[in-house]
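Just one chain is shown here, as structure tokens, and it is the form predicted on its own.
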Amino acid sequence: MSDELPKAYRGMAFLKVTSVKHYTDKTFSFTCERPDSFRFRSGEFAMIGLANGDKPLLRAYSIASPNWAEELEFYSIKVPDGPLTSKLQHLEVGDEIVMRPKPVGTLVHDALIPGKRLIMFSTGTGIAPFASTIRDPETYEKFDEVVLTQTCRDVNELDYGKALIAEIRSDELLSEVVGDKLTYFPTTTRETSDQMGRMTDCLRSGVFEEVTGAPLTPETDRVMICGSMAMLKEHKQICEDAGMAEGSNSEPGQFVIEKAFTD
């Protein structure tokens, strides 16, 4: 980078936005250029944001694109008075974002011990890291079954996840890798849909077992969780009550959670 840049921008990557798609009045996704040298593990997040005077405005965003993709994709909520998202939601093609090119995170294969079924619990834009994971061939090499759940208030908030699954099914190469291993289990809590209720209630009532074929089993299941703090806490308790141990990059376990959030 140029020596004329303020110190806070040194080492940052400046990336042009290549596409923007608004799913609802509360959610949108965008893609941007990927630096040739940028590498990440599926499920990791990066600090991204906008130039803001002498200091960039940055927040943690999960990388939604698979690690083999030529562009970087992010899926975001719109917060009217959010310091960053209030501005980020107005991005247009050709605009520029800034990124700290050091991805990190715990929602990665390396933080889990080997298992047979991978279950990803998400709410809202918490599906973003799993959008990367379910498009990674390594996921299907490591697990015999892959279950992605998403709980939202309204039906249209599930559009991103539905489009993602449709993309996988229609992709000639990816559909062959995924085969019949992937199960998508969406629910809503406010607007009527095919499956109503919070995923935690589905786990406790037996609905999760009916839909996926088996209850949460610590011996064979590995779990990733991403959502609000309250959602993380409740799912974590269910996993611990089932006898699962939380994992990390340094000490893999049976379930992992992500604690990085956007505004």
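The structure presented is a predicted model; accordingly, all values stated were derived computationally and were not measured. Numbers follow the displayed sequence, beginning with 1.
Just so you know, the form predicted together with a small molecule exists too; it's not on screen, but the next bit is about it.
Student: So which of S37, Q237, S228, S205 gets a non-hydrogen atom within 4.5 Å of the small molecule in the model of the complex?
Tutor: Answer to the contact question: S228.
Student: Work out which of N156, T183, S175, T189 lies within 4.5 Å of the small molecule in the model of the complex, going by heavy atoms.
Tutor: By the 4.5 Å criterion, the partner-contacting residue is T189.
Student: Where, among 44-52, 66-74, 190-198, 217-225, do residues come within 4.5 Å of the small molecule in the model of the complex by heavy atom distance?
Tutor: In short, 190-198.
Student: Is there a heavy atom of T85 no more than 4.5 Å from a heavy atom of the small molecule in the model of the complex?
Tutor: Taking the distances in the model of the complex, the answer for T85 is no, it never comes within 4.5 Å of the small molecule.
Student: Contact between T123 and the small molecule in the model of the complex at 4.5 Å, heavy atoms?
Tutor: So T123 counts as contacting the small molecule.
Student: At 4.5 Å between heavy atoms, is I127 in contact with the small molecule in the model of the complex?
Tutor: No.
Student: Report whether the minimum heavy atom distance between L107 and the small molecule in the model of the complex is within 4.5 Å.
Tutor: It does not: once the small molecule is placed as it appears in the model of the complex, L107 has no heavy atom within 4.5 Å of it.
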